[in-house]
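Single chain ahead, written as structure tokens, the form predicted on its own.
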Amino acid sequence: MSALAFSLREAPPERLDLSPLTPGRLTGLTLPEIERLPVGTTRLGVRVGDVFTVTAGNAGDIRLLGGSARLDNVGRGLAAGRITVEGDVGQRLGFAMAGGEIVVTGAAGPFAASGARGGTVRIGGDADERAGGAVHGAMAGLDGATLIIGGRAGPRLGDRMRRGLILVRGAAGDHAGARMIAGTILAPAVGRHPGIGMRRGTILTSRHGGLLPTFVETGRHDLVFLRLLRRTLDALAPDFADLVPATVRRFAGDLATLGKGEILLPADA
């Protein structure tokens, strides 16, 4: 059975909240019932049928045809199934999702995969600030899910990340891994002050901007963790496996807090 498809007819007149468009909330609804679901965020009262042409299909496999930076909360609370977006999305992609898979071919706005406890989010283009990071007032960012970014990541990648894995194919901005609680970030380059305020967790990179004086080098290491990570990537995202070196220089920190985190660089860096 083909996917349940939503074709965007034109640029949205306002920011849209697409949190109702998940398999769990659409299963069992008729086409007219889906078209009447509210997605607007102003007094205009925009509904699904006002901006999308809906084509019936399997509610467990949702496709958004045509993207926009005004499409917020795509896949919010997703528990199972698959959502594919052909284009860009706005903020809070995959917010608090627990399972399933979201694939975006374009770019994503701020707070992608924030609070996500399970499942996988794949972004083909760039991700804006705080991807995998905590929204304002939240205790944690990414919380067990996997976030894969094909382009660049904005500042504060993985801010207050508690568990899970973030992979970035391009460079990440300043303060990657800020206030990190645990988990792993892998990016070929990060900006200034990576790991500021981190308590635990790992940032694996080849280049970085200015490093804080509260990180202390502990020598060169051949870590079992690296072999396990490479094995995980071989199955999950093979094109990232080459970013994992055999041996590393390790910097422990942030000693201004708990100090049990680490920044790993290739041994020859």
Partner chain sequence: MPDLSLNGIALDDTFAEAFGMAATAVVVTADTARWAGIAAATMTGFATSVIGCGAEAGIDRPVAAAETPDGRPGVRVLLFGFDQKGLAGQLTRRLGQCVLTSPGSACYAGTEGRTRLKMGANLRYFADGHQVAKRLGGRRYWRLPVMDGEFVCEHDTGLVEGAVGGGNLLLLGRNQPGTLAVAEIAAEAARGVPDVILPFPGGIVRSGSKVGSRYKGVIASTNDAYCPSLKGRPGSALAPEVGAVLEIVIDGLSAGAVQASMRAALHAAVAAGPAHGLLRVTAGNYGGKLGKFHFHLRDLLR
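Residue numbers count along the first chain shown, from 1. Every value quoted in this text rests on a predicted model; they were computed, and no experiment measured them.
A second form of this protein, the form predicted in complex with the partner chain, is not displayed here; the remarks below concern that form.
Colleague: Considering the partner chain in the predicted complex, find the one stretch among 34 to 42, 218 to 226, 62 to 70, 49 to 57 with heavy atoms no farther than 4.5 Å from it.
Modeller: Single hit among the candidates: 218 to 226.
Colleague: May I ask you to state whether T202 is within 4.5 Å of the partner chain in the predicted complex, using heavy atom distances?
Modeller: T202 belongs to the contact set for the partner chain.
Colleague: R9: heavy atom within 4.5 Å of the partner chain in the predicted complex?
Modeller: Residue-level check for R9: no, no contact with the partner chain.
Colleague: Is R179 close enough to the partner chain in the predicted complex to count, meaning some heavy atom within 4.5 Å?
Modeller: Contact check for R179: no, nothing within 4.5 Å of the partner chain in the predicted complex.
Colleague: Any of the heavy atoms of R163 lying within 4.5 Å of the partner chain in the predicted complex?
Modeller: Contact check for R163: yes, within 4.5 Å of the partner chain in the predicted complex.
Colleague: Only one of G183, G115, G119, G90 has a non-hydrogen atom within 4.5 angstroms of the partner chain in the predicted complex; which is it?
Modeller: Flagged contact: G183.
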